[in-house]
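The chain below stands alone and is given in structure tokens; this is the form predicted alone.
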Amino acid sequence: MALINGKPRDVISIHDRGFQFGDGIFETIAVQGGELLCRKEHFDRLEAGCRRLSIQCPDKALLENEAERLCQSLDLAVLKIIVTRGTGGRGYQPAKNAGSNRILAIYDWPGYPVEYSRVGIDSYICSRRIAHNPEFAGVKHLNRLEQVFLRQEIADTPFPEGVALDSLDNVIEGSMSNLFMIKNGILITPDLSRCGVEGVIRQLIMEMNKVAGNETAIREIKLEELFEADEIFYCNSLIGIWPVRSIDNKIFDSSDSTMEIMRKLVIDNRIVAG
């Protein structure tokens, strides 16, 4: 099921700039019982991403209405929203006053093993690196070749997720998720001012931790520091939270704080955990 500019279709022009150049942004939203989870946060980020890239953002009420049309009868599914700069010619220069294109499509729920959330996963350090690009850091734009190659790399391993680094051996994120570590009771997540994606669940976890009166740090994390963490977990809108049991044979024994964060998120009905 898909809508392109509000019409039931599954094809788009070959001249669309999203297809030609990756000139656009997207959101991936969990659907449960016909409801879009973290709805406000996703639509706010989509609007902010359009603003960062100077793309005409579709009317929010229109997008929400179309999303409801697609999702109202679905029990558990994934909604992907794509906004591109619209159609244009062969060259890089976009046409003046070009209108954007919006694509809403429904996908099956990925169905990750529930054990990933309940007992955690084993992980490793990816060999591929994420390049610095401060101008677009944080934005969930359509230029995702780095993640494509990271996922290809991980597919050849026994691990469901891996730690992605930059060229300076700073921890950035997972291949498809954000990453947190806990050390001495402090929740720490990588600084994403030079690369990486600022995830919706990442932001919710930080806000929840602040409301609880706990300390949160956003800063550079060197690879060697990661192995000194008390707890580590991955998160995104579809996986919820995956505690990490080990990375490259380093065992992380405690996950009490991670499990408490998971319980709070589920209680708030903000995400599907696993």
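One-based numbering along the sequence shown. These numbers come from a predicted model, not from an experiment.
What comes next is about the form predicted in complex with another copy of the chain, which does not appear here.
Contact annotation for Q20: at least one heavy atom lies within 4.5 Å of another copy of the chain in the predicted bound form. In the predicted bound form, another copy of the chain lies farther than 4.5 Å from every heavy atom of S254. Mapping the unseen interface onto this chain, R118 falls outside it, with no heavy atom inside 4.5 Å of another copy of the chain in the predicted bound form. Contact annotation for E146: at least one heavy atom lies within 4.5 Å of another copy of the chain in the predicted bound form.
Only one segment in the set 199-207, 183-191, 88-96, 68-76 has residues whose heavy atoms sit within 4.5 Å of another copy of the chain in the predicted bound form; it is 88-96. Judged against another copy of the chain in the predicted bound form with a 4.5 angstroms heavy atom cut-off, the residues L179, I241 and N249 are out of contact without exception. The partner is not shown here, but in the predicted bound form the stretch 1-33 reaches within 4.5 angstroms of another copy of the chain through a heavy atom at A2, I4, R9, D10, V11, I12, S13, I14, H15, D16, R17, G18, F19, Q20, F21, G22, D23, F26, T28.
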